[in-house]
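Two forms, one protein chain; structure tokens for each follow separately as structure 1 and structure 2.
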Structure 1
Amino acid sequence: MNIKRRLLITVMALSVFGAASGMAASADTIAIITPSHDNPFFKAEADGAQAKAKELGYDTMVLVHDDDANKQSQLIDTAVAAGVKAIILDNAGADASVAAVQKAKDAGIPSFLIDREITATGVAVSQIVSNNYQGAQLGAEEFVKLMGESGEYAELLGKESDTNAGIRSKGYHDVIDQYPDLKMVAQQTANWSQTEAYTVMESMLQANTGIKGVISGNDTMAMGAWAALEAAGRTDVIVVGFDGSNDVRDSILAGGIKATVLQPAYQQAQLAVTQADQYLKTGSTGLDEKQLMDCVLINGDNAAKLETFALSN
């Protein structure tokens, strides 16, 4: 089973590699490894990295680990065996990924991490992560303002195993808990899922008819919650999300969800490739390993400028 799976992955990876390198066989290759592209956020990362790599004259090998640390480890082996020059990685777990990145380093392949941190330094060359805490504070400040600093609200939490779920919740409460007239009457996980958020929101509404606002750990859950609120005729409820997806942008422009927080996924992935290129050419990025990227508040004022996790000027 395991061997079969590994072979399959290898074959898939090689075919991607083969297809990419078919154009210019002599070009160096950069591996781009992210969670599943089913979530448009990760698709935007892969697209951003790929576009920048192409611009800088690299071939690419695009792979997905589906948030499975074992699969990630196998993909790193595949990339190393294929002779890639650098790895761009949105990793499958802060602790579990350290060994995988170390393995690449031992093979002489530098890794450039995006979106999520790992719990060790000196293993990857760069760790460029969205400042989720700062972003959550921005979202919470807007939420507090929209709520008029008082009223009952509910929180939808992300998947517990994802560190960003906890970071965002902490960032929200860092701000909201400074307002004693804001009362959290329900808090539950919907595992980043739209359908799950719909049912969770339904039951929250039944138990708490006085809910005035909902703060959500990401945009897909915000979309699910908004659908449930619409179905219940409660479009007066203030909803704030996180990620800056096109779905939520459209909802904001249509007067539905009130705000979200953009993580500049596309730009972040491009930055990682630029640093990889710099490192390969000069042996150094000239920058600290751990780099934060600020998130940006999206509301009715700037939603129209948002497209695929990037804000135009």
Structure 2
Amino acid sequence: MNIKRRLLITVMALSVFGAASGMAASADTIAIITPSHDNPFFKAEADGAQAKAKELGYDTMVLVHDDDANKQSQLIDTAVAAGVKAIILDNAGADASVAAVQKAKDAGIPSFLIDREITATGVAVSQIVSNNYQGAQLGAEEFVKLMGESGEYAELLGKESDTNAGIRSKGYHDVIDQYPDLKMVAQQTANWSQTEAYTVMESMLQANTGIKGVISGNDTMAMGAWAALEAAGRTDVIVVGFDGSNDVRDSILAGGIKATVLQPAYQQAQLAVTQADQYLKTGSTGLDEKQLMDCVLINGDNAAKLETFALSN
């Protein structure tokens, strides 16, 4: 790493979490590293982890890797140099993140992964992820119902390096492909991005004027697709997302997007911090490394109960 870049990372770390001189963390600090907080899902993760850490008496370092594996590696270097006690991580790629998590482990710092798995076991202490396959099947079943079991549809895929993108797509198709009158006429990645999804949806509509539905790998892309559909005067198109964001909740309540699938980001992040605390105090979480949390279908029936990736009773 060149000197300028190292200085930039150090200055960023100091400004974000107010570490003491020399990058030393306080006696009990947990690093929380996620993709960009521009996505409300990842913001909810960071907020949930930070709130639980504070409740348990820890200070926090909150860092953003922007889905860049190189930047993630540098931020883990920063956390290691600061002497954090544990790392909560929503990683920047299933394969690309293994070395970074191993680096933390080799430095004696345990990692607790949320939302996305890595392609190795025994490196992180916990990998706590939503049951993406189960959730995708819920979303697909609702999509089939809304489509009346027939018609042309398009699929927006997530980032190819993200394991969840493939799992969700498989879950969707294991349900939808059972209905021969449902025909996929377009399928393209929008890399979890709202602006990219808008552009992709515009192109899909131009090439396939008969599209009746869109199933999306996440809510951010669903919002981009819906904006493009509105701009084209195609609010008749059925859109289903995945995540359970407040933006999609509001769209559902306003009669726009029809459904999404809630994965409990806030609760998941808090669970990771609880397990980190348990591990730091006892040397074990008492649980398996890989843990699945089931998802919940959100539609017009229960959308009003959804708030910040959590469903009230």
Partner chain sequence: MIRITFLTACVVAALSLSGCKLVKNTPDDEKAVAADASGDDARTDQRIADTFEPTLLPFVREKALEVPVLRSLLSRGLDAAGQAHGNRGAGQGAAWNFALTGTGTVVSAKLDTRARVADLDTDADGVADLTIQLGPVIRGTALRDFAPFYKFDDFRDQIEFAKLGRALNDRISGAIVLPEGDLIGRTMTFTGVVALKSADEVLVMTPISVGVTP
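Start at 1 and count along the sequence of structure 1; that gives the residue numbers used here. Since the model is a prediction, treat every value here as computed from it, not as a measurement. What we label the rigid core is the largest C-alpha set whose atoms superpose within 1.5 Å from one form to the other.
K.L.:
So which is it, 1 or 2, that shows the form predicted on its own?
P.N.:
Only structure 2 fits here, because that chain is the form predicted on its own.
K.L.:
Is Thr209 among the residues whose Cα moves by 2 Å or more between the two structures after superposition of the rigid core?
P.N.:
Result for Thr209: yes, a 2 Å-plus shift.
K.L.:
Once the core is aligned, please say if the CA of Thr235 is shifted by at least 2 angstroms between the two structures.
P.N.:
Thr235 C-alpha, core-superposed: shift of 2 Å or more.
K.L.:
Can you give me the rotation of the smaller rigid part relative to the larger one between the two structures, rounded to whole degrees?
P.N.:
Relative rotation between the two structures amounts to 10 degrees.
K.L.:
Taking the rigid core as the frame, how far in Å does the Cα of Ser161 move between the two structures?
P.N.:
Here Ser161 registers a C-alpha shift of 3.1 Å.
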